[in-house]
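One chain follows as structure tokens, the form predicted alone.
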């Protein structure tokens, strides 16, 4: 398992659960100094990242790109993969495709979280889930044609009614070979009866972990018992990233250091 930290480049997400906000190069240098393996980026849109410059910064800092988020598609542009209007849904799919294409240049996946949409405004839950599935099928086909990868993240009930648990998420992406689950510990703490059991049961579908405590602060600053979860990840052979999508509490650097300390204690010391 490898460690990763998050940085948001979206001004509208300044209060969001990202360790760093704003300058990518500065954030990468701090992440490197603290000892992270990778960085996960939340861009406003695909073209906001200059591929050559990003690759240069990552190389200089000895970091990999863990993933690219697509959440700005919803937060900034209000695009949804479950939108009932065909043109609006096509625009949402295209937004994700473009980010997938940039991510693929780094051999990294794109993440679908808030862009999955939800029911409401005349759209039933069954209709919303059907529209999301159609969008995921289109994106899976694009991934197959472009050597891309996609992560689908179940969210808690207060953010969506599409898929809240890993079981629901696994059903949503069934038979989509280029789409994996993102298991976010903050959301899982709300929705899963037994987090370790959920990881064990659906481990073969998991491609990424958001490493967060119960209060969405760095692991160790809430009441999550993380050790059994790490033990379960070892048992299922998970070798991907533990990426801290958490609030910059009390500061960005302190949240990063707390995450690194938790990672070392849980993954390195006990390995």
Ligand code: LER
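Positions refer to the first chain, counted from 1. Keep in mind that what you see is a predicted model, and the values were worked out from it rather than measured.
Keep in mind that the form predicted in complex with this ligand is not shown, yet the notes after this line are about it.
Listed stretches are 127-135, 179-187, 164-172, 100-108; the contact stretch with this ligand in the predicted bound form is 179-187, by a heavy atom cutoff of 4.5 Å. With the partner omitted here, the residue from 140, 192, 159, 94 that has a non-hydrogen atom within 4.5 angstroms of this ligand in the predicted bound form is 159. Comment: this ligand is not present in this chain, but in the predicted bound form one of 155, 198, 72, 82 has a heavy atom within 4.5 Å of it, namely 155.
Proximity of residue 216 to this ligand in the predicted bound form: non-hydrogen atoms within 4.5 Å are present. Taking a 4.5 Å heavy atom cutoff to this ligand in the predicted bound form, the one contacting residue in 241-259 is 245.
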